[in-house]
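In the block that follows, a single chain appears as C-alpha cells, in the form predicted alone.
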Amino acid sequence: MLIELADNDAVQMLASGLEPLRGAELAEIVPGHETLLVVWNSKLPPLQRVEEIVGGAYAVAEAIEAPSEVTLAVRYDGPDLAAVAEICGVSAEQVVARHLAAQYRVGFIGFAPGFAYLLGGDPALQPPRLAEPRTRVPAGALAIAGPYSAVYPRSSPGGWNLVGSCEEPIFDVERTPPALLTPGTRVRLVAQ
C-alpha cells in the first residue's frame, strides 16, 4: 500500500508510528519524500483495519523519543564547489557556511544501499543535477542536487554536484545496521 502524505515530516511520523508493527503485521516500511510504502506480511487487511492501524500509528509516533543524531566531519574540497557557488549566486565561502549551518534530516534512502537523501538544506543552495552524470563518483563524496544533500556511500555513477568529501563510512556490510544514516536520523555537518 502506498500512502501519499503532505510532506516528509508526516512520512517520518507515520513511519515511526508503524515501526512497532514490523514483523507482526508489516513486512516493510519504506519512506519516500512524500510517500510511505507499507508492505503487509499477508494480503492487505480490510480498509477498516488499515484505518485503525494508521490512526493508531500517529498516537504511537507522538510518544516516541526524538530521532538519533549523527555528526559527520566534512571537507569542502569538491570539484563542483565553484560551479555551485556561481549557479546559486553566492561565493564558495558562502556555500560552505550555508551548507554547514543547515540542520539536516534523512528523508529517505534510495538510489543505492545507504544513499541517504538529506533534507533541510539552505533553500538558496539548490543547484540542478549535472547535465551529464559522472561515470564514477568516489565513496564519501559530499554532494548537492536540488533540495537534497548526500554523502555517496560507495563508489558509483552519479549526477549530483560534488562540493566536498567525508571520511566516515556511510555504508558498511560488516556493521549492524550496515547504514550509518537511516530515515529520520538528524545529521549535523562539521568542517574537518
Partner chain sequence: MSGAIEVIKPGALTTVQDLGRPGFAELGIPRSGAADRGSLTLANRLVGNDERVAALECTLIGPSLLFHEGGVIAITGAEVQAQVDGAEVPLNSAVTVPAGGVLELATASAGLRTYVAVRGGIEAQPMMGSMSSDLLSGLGPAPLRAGELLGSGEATAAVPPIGVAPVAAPAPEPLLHVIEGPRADWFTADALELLTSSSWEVSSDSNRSGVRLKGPKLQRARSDQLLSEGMVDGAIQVPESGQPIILLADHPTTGGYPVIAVIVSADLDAAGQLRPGQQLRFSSS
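Numbering follows the first chain given and starts at 1. The structure presented is a predicted model; accordingly, all values stated were derived computationally and were not measured.
Separately, the form predicted together with the partner chain exists; it is not shown, and the next lines address it.
At a distance threshold of 4.5 angstroms between non-hydrogen atoms, Ala179 is in contact with the partner chain in the predicted complex.
Taking the partner from the other structure, the partner chain in the predicted complex has a heavy atom within 4.5 Å of a heavy atom of Ile109. The shortest heavy atom separation between Ser68 and the partner chain in the predicted complex exceeds 4.5 Å. Using a 4.5 angstroms limit between non-hydrogen atoms, Glu51 is distant from the partner chain in the predicted complex. Interface residue among Ala139, Val30, Val60, Leu130 relative to the partner chain in the predicted complex, by the heavy atom within 4.5 Å criterion: Val30. With the partner left out here, the partner chain still marks one of 161-169, 51-59, 30-38, 130-138 in the predicted complex; by a 4.5 Å heavy atom cut-off that stretch is 30-38.
For the partner-free chain shown, Ala112, Pro113, Gly114 of 112-126 come within 4.5 angstroms of the partner chain in the predicted complex, judged by any non-hydrogen atom.
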